[in-house]
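A single chain comes next, written as structure tokens; it is the form predicted alone.
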Amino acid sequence: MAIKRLTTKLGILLTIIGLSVNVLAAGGEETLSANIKSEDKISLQNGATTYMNYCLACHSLKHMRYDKLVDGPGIPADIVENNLMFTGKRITDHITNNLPADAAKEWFGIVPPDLTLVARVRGADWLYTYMKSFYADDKRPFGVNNTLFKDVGMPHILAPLQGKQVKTNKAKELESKIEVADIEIAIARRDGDDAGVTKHSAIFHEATGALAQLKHDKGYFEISIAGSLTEEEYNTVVRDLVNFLDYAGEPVKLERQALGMKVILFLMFFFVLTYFLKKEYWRDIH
């Protein structure tokens, strides 16, 4: 009976876990793969440079010290002190900025968050997709919006590099069709028109599928005004920036992973040692 109860509880637990995974997968946004490499020091150096020049004015890294730019990315200490330290007097000081909180709230509607742990919270793929999802929107205060973070209160700080990104006419057409179909479904349900619900639901799902395919085929956005970088060069800049933010979230990750392998190897060796020791102790009994 005890085994039966344990099996039942285990089955329930696995079912709950499975449902949770499905819910998270269904509710999450589709993201691009950042393909970051934590051990790539050149990438980390470029990402740190981009962050200090474009992001630090608004977003601090107050849980990280300047000397971590030396430890991981391998930037020489004198270069950090002379070129990348905009606040603080010592290389062991935390990476902050001089943006007044009251002014920031007035300009942006909210104080820009510290980004030390953003990669651990959001994930590298989310950040990479976010920086590639800005598009021109005249209705927004800064003239841009973001498909991954709708109505975000942040300007597209890397726009001079990427250029002016807009939605293609096909994307606008499909989104308009989806919006109209959604409204028609609501009206049909209100009126008890089952045939209308079926008809417009089919249109809705067809347009949604076509839009997903358009995004997959990279036909959702286009550059209307070129920036200073090509698409491939901009992708590299964003990838390096995300790589640096991933490093900032856990500077000791590579050391932790290396130590973890050593611990596992030790435990395997210790297991073999204890196994033969057990055989030796029980040899006379068996």
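Numbering starts at 1 and runs along the sequence shown. Source: prediction; values computed, not measured.
In what follows, reference is made to the form predicted in complex with a small molecule, a form of this protein that is not presented.
- Among residues of the shown chain, Ala124 is not one whose heavy atoms approach the small molecule to within 4.5 Å in the predicted complex.
- Contact between Leu241 and the small molecule in the predicted complex is found at the 4.5 Å heavy atom cutoff.
- The small molecule in the predicted complex is not approached by Ile79, whose heavy atoms all lie more than 4.5 angstroms from it.
- The small molecule is not shown here, but in the predicted complex it comes within 4.5 Å of a heavy atom of His59.
- The stretch among 171 to 179, 69 to 77, 203 to 211, 109 to 117 whose residues place heavy atoms within 4.5 Å of the small molecule in the predicted complex is 109 to 117.
- Contact with the small molecule in the predicted complex, judged by any heavy atom within 4.5 Å, is made by just one of Ile157, Ile91, Leu84, Leu148: Ile157.
- A single residue from the set Cys55, Leu229, Met64, Leu32 has any heavy atom within 4.5 angstroms of the small molecule in the predicted complex; that residue is Cys55.
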